[in-house]
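Next up is one chain by itself, shown in structure tokens, the form predicted alone.
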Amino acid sequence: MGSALVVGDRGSGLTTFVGLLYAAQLRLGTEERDEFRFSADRETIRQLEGIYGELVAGRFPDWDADWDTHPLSFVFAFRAGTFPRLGGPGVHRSGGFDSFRMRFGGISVESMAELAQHDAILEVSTRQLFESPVVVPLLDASRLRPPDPTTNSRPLEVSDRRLASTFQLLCRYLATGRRRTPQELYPMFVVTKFDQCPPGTLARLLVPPSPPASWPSGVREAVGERLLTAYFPHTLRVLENAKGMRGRSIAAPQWFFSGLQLVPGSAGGRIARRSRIPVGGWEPEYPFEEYRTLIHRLGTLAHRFPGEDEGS
């Protein structure tokens, strides 16, 4: 089973992220049924249908997923041969599809920073999440303000230190994990609320005016590195220092950009929707291609996930 740990500041859009991840699976599972399928346990569906229902109704979710008692668990299935390297103990083949289970757990960087400082005794479920090969940091683009020339403080400095501490803690768990082979951590940065990023910041980061799905090769990585350099230098330093370290290597970050289209002039910021013809129903207006790419990225990594009998 593979697992992904989703981390971010409180209010960074974690609940919306998992709701849109579910929306993308629904769309892929209906529009590309011959290439992709998914399933989930009853508790996961129960939680996500509530979140998805709010998004489809044009409202932002006002409650969080119950990560503590029940991490979200999906089975992703791709047509056999979609990923030539897909195989290994965590991958199963049936009916012409390769499938693997992914468990998503979430925690705030504030909580991670407290755990790093106090070296608390962790529950089994928390330790398992810390051993996740995939970490999904959420960066709230609405908070990427230009520096204030009247002060010496840097925007998001506290968030940067907390995220850096999060990566250091995860590296420590990788290095002391039960498996003897060197472990690698795969960061998948999701820039949330990208539609609310200040124009001055977009210009500072040299972000193209076109949607992220149409950016040329290499632009995502360049924008991401500039974002880390400008707002998360401590985190960037941890990522760079961990490259190639024995037992706790960090792969090059992957970047995804998420946001929601709002109804112009709507009170309280109602979410725009699109019809799911011919399937029926509605879905929120969101960057589907970003989530499709994220799900496919998990497919490329699935052969690295341990099997069910390895307990993570």
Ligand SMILES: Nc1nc2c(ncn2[C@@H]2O[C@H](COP(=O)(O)OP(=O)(O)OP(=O)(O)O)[C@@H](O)[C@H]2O)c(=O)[nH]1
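Computed from a predicted structure; not experimentally measured. The first residue of the shown sequence is 1; numbering continues from there.
In what follows, reference is made to the form predicted together with the ligand, a form of this protein that is not presented.
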* Asked: Non-hydrogen atoms within 4.5 angstroms of the ligand in the predicted complex: do T69, L72 and R103 all have one?
  -> no
* The single option of I250, L48, L262, A40 touching the ligand in the predicted complex, heavy atom within 4.5 Å -> L262
* Name the stretch: of 72-80, 187-195, 127-135, 90-98, exactly one has residues whose heavy atoms fall within 4.5 Å of the ligand in the predicted complex. => 187-195
* Examine T293 and determine whether its closest non-hydrogen atom to the ligand in the predicted complex is within 4.5 angstroms. => no
* Asked: Any chance Q25 has a heavy atom within 4.5 Å of the ligand in the predicted complex?
  -> no
* Could you confirm whether P61 comes within 4.5 Å of the ligand in the predicted complex, counting heavy atoms only? => yes
* Would you check, heavy atoms only and a 4.5 Å threshold, whether L14 touches the ligand in the predicted complex? => yes
* Does anything in 29-54 come within 4.5 Å of the ligand in the predicted complex by heavy atoms, and if so which residues, in order? -> none
